[in-house]
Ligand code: HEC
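Only one chain is given next, in structure tokens, and it is the form predicted alone.
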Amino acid sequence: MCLLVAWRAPVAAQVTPPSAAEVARGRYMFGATGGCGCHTPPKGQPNAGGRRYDGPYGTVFSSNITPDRQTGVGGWTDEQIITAIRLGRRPNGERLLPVHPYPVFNGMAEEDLRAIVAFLRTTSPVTKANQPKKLIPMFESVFLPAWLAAFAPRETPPPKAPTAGVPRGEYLIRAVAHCGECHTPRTMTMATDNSRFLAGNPKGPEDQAMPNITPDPETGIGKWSVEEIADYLGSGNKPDGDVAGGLMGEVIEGTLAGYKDLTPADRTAIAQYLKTIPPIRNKIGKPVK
């Protein structure tokens, strides 16, 4: 009997497939990130990677996050995908560059992360090899670990995601939509200057100027009402009749989902939170009207 037990073939663990509701929640949260547009080049296949980012560290290309098993994340476990999103580590231990904003994605609630993973597994696999990065010598072994230790923010995940009001808006702004990564000025170290949170960045991602979205009435969006901010997030229409362009236009439209797919309640919660942050006078290009 002992021999039979010893030689019994292992039984595969039963994996419960995610429910339709969890996949739908994942798609919604994926849209709340702006549709992870960094992983989709202009006019490219969603999530297939290859978008180029240049910086003082060198050049990197976004990764294929489709469920393709050879070139994407189809062979990764749920825990490995979550570790990459939240902690910036690949399954082989390789550290991701914080062009992928894992220090703030770390603040996403566990239930939302797992739902995003469930949704990603339902998307179309694309066989597309990742392009190699081109970094300055010793950046990954010396400079990046030191920078992360000294300057990287680290959002703390809540036990449960807030569901309404200003707390919900803060959660979406800081940990999910990661608005500070684009709209907060950076210091000489390339860390976000959180003393000027959301005060605009003259040289944001892809060298695009990012406007001041604090409630400063002259250089920010202080003259916009909560309703106008909420409408803008869904439609891209500004109060003065102009429309969102550039990267903001991309995240509103999204890839497989975007800000336009947020509920009116969530868009209102974001607007309400933006009204609570300190107004900072910081003119970026033309004043926001």
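Numbers follow the displayed sequence, beginning with 1. Fair warning: this is a prediction, and the values are worked out from it, not measured in the lab.
Beyond what is shown, the protein has a form predicted together with this ligand; the following relates to that form.
- Only one of 61-69, 22-30, 246-254, 42-50 places residue heavy atoms within 4.5 angstroms of this ligand in the predicted complex, namely 246-254.
- Put simply, of L97, V126, C179, L113 only one has a heavy atom within 4.5 Å of this ligand in the predicted complex, and it is C179.
- Though the partner is left out of this view, M210 does reach within 4.5 Å of this ligand in the predicted complex, counting heavy atoms only.
- Heavy atoms of Y57 never reach within 4.5 Å of this ligand in the predicted complex, leaving it off the interface.
- Taking the partner from elsewhere, A269 is found to have every heavy atom lying beyond 4.5 Å of this ligand in the predicted complex.
- Interface residue remark: I221 is counted as part of the site for this ligand in the predicted complex, having a heavy atom within 4.5 Å.
- Using a 4.5 Å heavy atom cutoff, none of I85, R90 and R121 lies near this ligand in the predicted complex.
- In the predicted complex, the residues of 218-239 lying within 4.5 Å of this ligand by at least one heavy atom are, in order, I221, W224, Y232, L233, K238.
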